[in-house]
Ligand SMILES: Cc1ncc(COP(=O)(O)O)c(C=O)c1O
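Single chain ahead, written as structure tokens, the form predicted alone.
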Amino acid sequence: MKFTQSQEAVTQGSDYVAGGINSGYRTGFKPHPLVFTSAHGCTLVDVDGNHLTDYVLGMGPMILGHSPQEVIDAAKKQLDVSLLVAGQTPTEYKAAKLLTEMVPSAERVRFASSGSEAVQVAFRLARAATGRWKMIKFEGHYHGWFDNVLVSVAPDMSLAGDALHPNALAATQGQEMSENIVVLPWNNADVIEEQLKNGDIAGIIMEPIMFNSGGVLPLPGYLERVRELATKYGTVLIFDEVITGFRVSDGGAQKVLGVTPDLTILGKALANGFAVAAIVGKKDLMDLIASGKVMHGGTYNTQSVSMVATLATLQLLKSQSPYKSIDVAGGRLMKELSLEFASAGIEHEIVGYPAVFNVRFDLKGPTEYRSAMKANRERYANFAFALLNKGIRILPRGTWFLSSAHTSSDIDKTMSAVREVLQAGI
């Protein structure tokens, strides 16, 4: 396939848009950022006329595919009713009620416009509730691009320090670093307790399954132990379920894994492509917002069209209908990928669930970020680029997203491309 018109469009767009892209996370794709003209179902069409079967799905939000009729119809209808009212609408209460029914930790809800914003609310709540300031985060876990938490997400190992007591490293020039972020290795409860004994930790934030970098599951008993420690030391436990929420299950990873945090961050698949996120949690914590003691604002929070899209998406997810088709397509894809990699003599591991899983080459069994980064990432990136040239778009970091729009014929096409790439050698 040729992608020359995309390259030309990005180059020309750079005269007006810095770098020709509007998010730093849209870089890293070979051969260069692409420019798309349309998206329907699980198919993207770019300016070169290429039709690509999409497993990126907007970096995860499009769990119902790019054109779910129920969500589109709801959004179109709302356009004739209201856009932004600087007040409340009945729709947001219906959506919030659904969340309290679906997500175990959701006794109360606040909507936001992005996961990055919702994380900041969680930090405020944890600090206000405990009177402490320090927050624990984990190497390789991502919780948004704001200065106080964009720390040790993809650290330079030559600067990262001791594995049990990592250095907190900035991710960008111009970043203001805070002494209130403590970075630890994931999947090790002992180092958490060691830190909690100091009595100065307000909260612990983590991805309950590490999908942003490496695809690592929690070790047996780890989340349960962290839950016990947080309760014992009066620390707020926060799950960032921006990816896992609604992909691992309709109630997130916490529903499947059986561990309930104090606060949860939701986003991405929450509204199937509309800019909606949420912080949900225990009533006593969320009441700090209700009382006005903790400030949470946002002009575009509960924007009318976004809220009807949220409600329509949640109603579909609660019905379980999308998961039935995703379980079939995603389950088959995971199984057949593993068989083809094994047949090609590639050591590999596929970790996750039908709606979101991670593939790595030449490594099995990592338990945290540093061990996960020993996978053959260059080989996998070459595999991803080779698939792109066959009309299959996947993330070079290893994460695959499935939607209810993926059909058996899409899986057939994907596996045919995979076999061709593996037979050519990577």
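Each residue number is its position in the shown sequence, starting from 1. Predicted model only: the values in this text are computed from it and were never measured.
The following text describes the form predicted together with this ligand, which does not appear among the structures shown.
- The closest non-hydrogen atom of residue 322 lies beyond 4.5 Å of this ligand in the predicted bound form.
- Residue 115 belongs to the set of residues with a heavy atom inside 4.5 Å of this ligand in the predicted bound form.
- With a 4.5 Å cutoff on heavy atoms, residue 212 counts as touching this ligand in the predicted bound form.
- When contacts are judged by a 4.5 Å heavy atom cut-off, residue 144 counts as touching this ligand in the predicted bound form.
- Only one of 250-258, 69-77, 88-96, 107-115 lies within 4.5 Å of this ligand in the predicted bound form by heavy atoms, and it is 107-115.
- Residue 243 is the only one of 270, 192, 243, 223 with a heavy atom lying within 4.5 Å of this ligand in the predicted bound form.
- Interface residues of 319-340, taken as those with a heavy atom within 4.5 Å of this ligand in the predicted bound form (partner not displayed), are absent.
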